[in-house]
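Only one chain is given next, in structure tokens, and it is the form predicted on its own.
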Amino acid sequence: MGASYSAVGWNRQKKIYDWIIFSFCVVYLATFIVLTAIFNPDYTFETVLIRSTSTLAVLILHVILSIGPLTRLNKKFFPLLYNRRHLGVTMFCIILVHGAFGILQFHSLGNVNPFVSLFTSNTHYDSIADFPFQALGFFALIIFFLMAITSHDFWLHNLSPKIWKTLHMFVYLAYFLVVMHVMLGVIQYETNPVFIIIMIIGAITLISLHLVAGLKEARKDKINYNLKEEGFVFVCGVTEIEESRAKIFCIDKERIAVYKHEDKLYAIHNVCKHQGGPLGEGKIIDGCITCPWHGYQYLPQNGQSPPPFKEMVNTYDVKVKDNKVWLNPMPYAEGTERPGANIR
């Protein structure tokens, strides 16, 4: 959590991940350039740079889009989620190099402004074989630019989480533009089908991961809790919830996380105010429920972030009867103090 704006807050873990990302990019680009020099010595350096940065950016984009569903399927991928923003900014920088050299090589040698040339040198929009694919890449670059410059909590707070999240969901439109940019561009001139196969495998992998993760979430939401008593719903046994951990229940469209902490159970809304992270998939650290996505914290008894932070979530009544957990899905106002249910 950050109380105020600072340019970048790197801790030791983030520095390690950034060095891994940087090293991978350098090794990838160097390998690509050396192999091209050996097997295709006729290519110019500019062409090799355009191709190496494009393939690297597409690879990183697939990794970025895989992280979300992977964390829904396995908590071991959460460390990747913590560093997804850095990966996204890295990808934008690589795409910027790709785009800059592309414009310089193909649109800067004439009398027309390079950006005007980008949209007017080829107007065969009705042709698949000769489609002006560079325009698609340009619009994808604009989306990635907007995402990169707003990849900081300063913009998250100023734009509001809803607008910020909506803006960053445009990454899927950018991905579609990138796929079409590749398929209508360089793929048209390739005789080796390996690039088409790689792109198809990448798209199928992403779609499959999102479908599997979505189905897993849908199954949770469809569980029926039929046993009711005075507004409370039986949800599970006490022993099914680990100490300092939670179970998530969806009742009457309310996603609620029930946490066990120091012989008591507490219930709060499952959605973090920061970026909508699943609070019930986190754990209690230093007495606070800690979001697994970016470490935002809430006190279990009232759903309030500890001072000086001001985020708050709804709280709920929970009770224990004969070692069974009963939950009332009627929410209290955000930040309302609730006593919790004694286990013993």
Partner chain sequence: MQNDEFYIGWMQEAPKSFSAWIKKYLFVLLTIIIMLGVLLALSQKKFDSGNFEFGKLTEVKGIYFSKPVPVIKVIDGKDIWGNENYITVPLIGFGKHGADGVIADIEKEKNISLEAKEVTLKGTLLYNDGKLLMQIDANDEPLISVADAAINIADLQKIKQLGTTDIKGEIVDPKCFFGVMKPGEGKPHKDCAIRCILGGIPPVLKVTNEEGRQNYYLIVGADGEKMNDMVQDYVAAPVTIHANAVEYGDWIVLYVQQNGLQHYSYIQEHYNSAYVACSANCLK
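Keep in mind it's a predicted model, so treat the numbers as computed, not measured. Residue numbers count along the first chain shown, from 1.
FYI, the form predicted in complex with its partner chain isn't displayed, but the following is about it.
Taking non-hydrogen atoms only, F133 approaches its partner chain to within 4.5 angstroms in the model of the complex.
Contact check for V212: every heavy atom lies farther than 4.5 Å from its partner chain in the model of the complex. Although the partner is absent from this view, T166 stays clear of its partner chain in the model of the complex, with no non-hydrogen atom inside 4.5 angstroms. Residue contact check for K228: none of its heavy atoms lie within 4.5 Å of its partner chain in the model of the complex.
With the partner omitted from this view, the residue of I204, L109, I149, L173 that lies near its partner chain in the model of the complex is L109 [heavy atom within 4.5 Å].
Annotation: in the model of the complex, residues D42, G282 and G295 each come within 4.5 Å of its partner chain through at least one heavy atom. Stretch-level contact analysis of 262-270, 70-78, 157-165, 219-227 against its partner chain in the model of the complex, using heavy atoms and a 4.5 Å limit, identifies 70-78.
Residues of 302-316 placing a heavy atom within 4.5 Å of its partner chain in the model of the complex: none.
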